[in-house]
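Shown below, as structure tokens, is a lone chain in the form predicted on its own; questions about how it binds or moves come after it.
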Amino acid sequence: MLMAARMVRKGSSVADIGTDHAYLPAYLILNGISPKALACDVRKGPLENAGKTVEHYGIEKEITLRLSDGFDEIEPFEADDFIMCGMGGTLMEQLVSRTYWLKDKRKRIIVQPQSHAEDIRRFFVENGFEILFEDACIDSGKLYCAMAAEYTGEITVKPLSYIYSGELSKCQKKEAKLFLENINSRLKKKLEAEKVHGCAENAEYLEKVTAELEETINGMQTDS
């Protein structure tokens, strides 16, 4: 949560998609990072939990609760920075892809995918979004990454492995390197399976990706 919070631009209004207990927007309001926020969820139960958090901290005027499937019940002018945490990258891709007004250079999308981060990265790369920076951390023994992206309208050619590494290669934290090592290990296992039971085309693709990732990982500098 803190990784995503640090990517919010100071003074920006925010919309937290899949807010659950609204801990993230509450943090942003209480720490003076955002003046107002939308706490959105597709289910009533989490919104009720969010309401308890908002009431507890006395920030009812700053945070609006909203029942919404993704961005469906949000107007483009209601927020500057949009946050999605705690859901898979595949679902994130689906939610962003059906929201045309996110292709706005003034807006920022911040995501912390629980799995399949490559799916949301691929969407960003193929649809004119630039991934500005990424971060990684370990929580309860599990590795997580987060990224911030903004629309530029420009589609640039990236290495094959970019959807797996993104801008984590520039992050100097040991957690970023561990995250990429974990991804590469998983892809190598998939590669071996493809060699035995899969098709040659998939195996060739994975060989190139894992070789690129290996080079990226070996070239990373970490602070600790």
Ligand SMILES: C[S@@+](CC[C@H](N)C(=O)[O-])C[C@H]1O[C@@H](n2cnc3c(N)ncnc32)[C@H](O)[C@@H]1O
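Computed from a predicted structure; not experimentally measured. We number the residues from 1 along the sequence you see.
The protein also exists as the form predicted in complex with the named molecule; that form is not presented, and the subsequent description refers to it.
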Just one of 74 to 82, 120 to 128, 134 to 142, 91 to 99 has residues with a heavy atom within 4.5 Å of the named molecule in the model of the complex, so point it out.
91 to 99
Does any part of residue 212 reach within 4.5 Å of the named molecule in the model of the complex? Heavy atoms only, please.
no
Is it the case that residue 69, even though its partner is missing from this view, gets within 4.5 Å of the named molecule in the model of the complex, heavy atoms only?
yes
Taking any heavy atom pair closer than or equal to 4.5 Å as contact, tell me whether residue 17 reaches the named molecule in the model of the complex.
yes
Hey, in the model of the complex, is residue 43 touching the named molecule, heavy atoms inside 4.5 Å?
yes
